[in-house]
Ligand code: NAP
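Here we start with a single chain on its own, the form predicted alone, put down as structure tokens.
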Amino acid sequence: MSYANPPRKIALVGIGKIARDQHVPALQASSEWELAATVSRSGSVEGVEAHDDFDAFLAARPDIDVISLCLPPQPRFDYARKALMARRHVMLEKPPGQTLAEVHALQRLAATQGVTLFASWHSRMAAGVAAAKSRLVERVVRGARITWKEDVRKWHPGQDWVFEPGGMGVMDPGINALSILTEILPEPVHLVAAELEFPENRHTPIAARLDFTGNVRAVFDWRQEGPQTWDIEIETSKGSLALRDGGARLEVDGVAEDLADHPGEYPSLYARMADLVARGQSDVDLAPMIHVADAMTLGRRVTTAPFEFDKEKT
């Protein structure tokens, strides 16, 4: 007689909007995971053991050997380092850190400690991405246009950290597009020019225009009201291909593809994490973040109107 393995205990650190909207539902629906604890200064999940001090949690619950960090990128390195030093497997929300050097340090530490480190890119798990990648294998890419425009007030309401150093500004959603681009293109591209719009009262950009080799261009904007736009349109030697709604829909020559049932981006991420832990492997692909870092060094700065989350202050 065979028995299914019991769910593996996991702790969720940082109970904010993304944790409530995506991580908690994915974990609660999974047969592979048991959300055994949360760590947050102010948030909690009903029915789940709650902690407000990470060091105390690590000492109190050595039986929870997997930790998912949903904190903003600024404090994430210190939490990840403590978790890895305690020999816990760690999953990082995107972007995986404030800087490339931070994540490289975590990668080395995870290898030394013999634990898994997963730098997750949720948009790569969108329903149409794998199919688009498969289609492009047999085509020559002539060029691509990325349009990623959304409303920061809707997706990051009152979250000033996105405009602080390390918060990346509009690159926070833009990196989702770059994670798809770096996943599906048969040949890599690199940035050659950029223009970044900084509100005069903020430290990170609210809009960006990026030019890459291979005739690839991207426009990111955090000021879009009404319908939101997350499109990647690609011209190839055999016609056109487009990923829309952040990769949820695939069109080939203007015709929507019939995609198989998809479990969702975050359930797919946690399935990937379970597999990595079981295999004793790590997955730390920094290609999307390299493009962001390049934009910050190559980008021409343009100052634009001040931004406030409260429209009445603008």
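Start at 1 with the first residue shown and count on from there. For clarity, every value in this text was computed on a predicted model and none was experimentally measured.
Unshown form predicted together with the ligand; subsequent notes refer to it.
Peer 1: Within a 4.5 Å heavy atom cut-off, is Q159 in contact with the ligand in the predicted complex?
Peer 2: Answer yes; at least one heavy atom of Q159 falls within 4.5 Å of the ligand in the predicted complex.
Peer 1: Against the ligand in the predicted complex, would C70 count as a contact residue? Criterion: heavy atoms within 4.5 Å.
Peer 2: Contact with the ligand, yes.
Peer 1: Does H262 reach the ligand in the predicted complex if we count a contact as any heavy atom within 4.5 Å?
Peer 2: Flag for H262 set to no.
Peer 1: I'd like to know whether R301 contacts the ligand in the predicted complex, with contact meaning heavy atoms within 4.5 angstroms.
Peer 2: No, R301 stays farther than 4.5 Å from the ligand in the predicted complex.
Peer 1: Looking at the ligand in the predicted complex, do all three of I18, R41 and E93 come within 4.5 Å of it through at least one heavy atom?
Peer 2: Result yes, every residue of the spot touches the ligand.
Peer 1: Would you mind picking the one in H122, R81, R244, K149 that has a heavy atom within 4.5 Å of the ligand in the predicted complex?
Peer 2: None of the others qualify; the residue that does is H122.
Peer 1: Tell me the stretch among 191-199, 234-242, 71-79, 98-106 that has any heavy atom within 4.5 angstroms of the ligand in the predicted complex.
Peer 2: One stretch meets the cut-off, namely 71-79.
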